[in-house]
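In the form predicted alone, a lone chain appears below as structure tokens.
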């Protein structure tokens, strides 16, 4: 942990933003100096709750006040591009954002490029890829402890392939240390295929990865709901918990569960958000990279867009990276517009606690 005490701004302080605020008020090397939220009454309540006096209605006013070291962007998706770029241009050292990063691929590109050009650390958010056990399982896969990877599969790639499916794609890319380079997919129900959003869309298909692996994709959960990667002797299974490891076979040919004996992690207060934040702060301090980055979220969005595109083209193969960066896939309205705009506002009583 750095001796530096980073000055943090929370931009978008709804339910998830408050979860971040709780974390950043807990850690000894961070201090929330400002909050931006469009809801006036909630803004005042949260200022009192987190002990913050600098309260703003929007990012422009916040940056005009004091530029923070860290900007935590937890707005609805439709606002993320403008907020991230404004923070990068203002000289913020590190920016994190939530999922999905955008609806339009070129908007995600613009955020990644704005941060890269200015040397800003650009982190992703509350994804299980940032769980320390997921990171350790991936490291052990990469160093050959379990042998050469022979195959992979994704389970439960449906419902929200951008807003929720980014979890699967991010873990798949991490475990295999590869990118998706071609997709053949089909989807149901028919009405979801013609909709602008990914709500209710179930995708089945095949991903071809840059390292030559073929990955089967199942839209509905099978006996698991996450990502499997296997070698000749081992199966590594992420199923929304610390990965299970199966090594070897019993006399009946069944896989034997192996105790991975994961290393202890010094931070644990906020589940996998902890790994996201602590690796982000370490990267800002010059030590390594965030365990989930803005670029990771961009890649997950691109895979989701390509999967739907293939499904709408009668399972025609779609190669990545996509040439048409204007392609768009909107998340469900709650993610895109936020709870205040979609009939799920947070009560002031809830915001106080």
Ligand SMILES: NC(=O)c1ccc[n+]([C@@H]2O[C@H](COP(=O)([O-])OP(=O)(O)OC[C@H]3O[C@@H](n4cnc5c(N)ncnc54)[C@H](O)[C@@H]3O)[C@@H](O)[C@H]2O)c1
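Numbering follows the first chain given and starts at 1. Worth saying up front: this structure is predicted, and the values here are computed from it rather than measured.
Same protein, other form: the form predicted together with the named molecule, not shown, and the subject of what follows.
- Comment: the named molecule is not present in this chain, but in the predicted complex one of 327, 309, 295, 38 has a heavy atom within 4.5 Å of it, namely 38.
- Though the named molecule is absent from this view, in the predicted complex it lies within 4.5 Å of a heavy atom of just one residue from 137, 80, 92, 180, which is 80.
- When contacts are judged by a 4.5 Å heavy atom cut-off, residue 74 counts as touching the named molecule in the predicted complex.
- Within this chain, residue 279 is remote from the site of the named molecule in the predicted complex, having no heavy atom within 4.5 Å.
- The named molecule is not drawn, but in the predicted complex it has no heavy atom within 4.5 Å of residue 107.
- Contact check for residue 219: every heavy atom lies farther than 4.5 Å from the named molecule in the predicted complex.
- The single residue of 112 to 143 lying near the named molecule in the predicted complex is 126, the criterion being any heavy atom within 4.5 Å.
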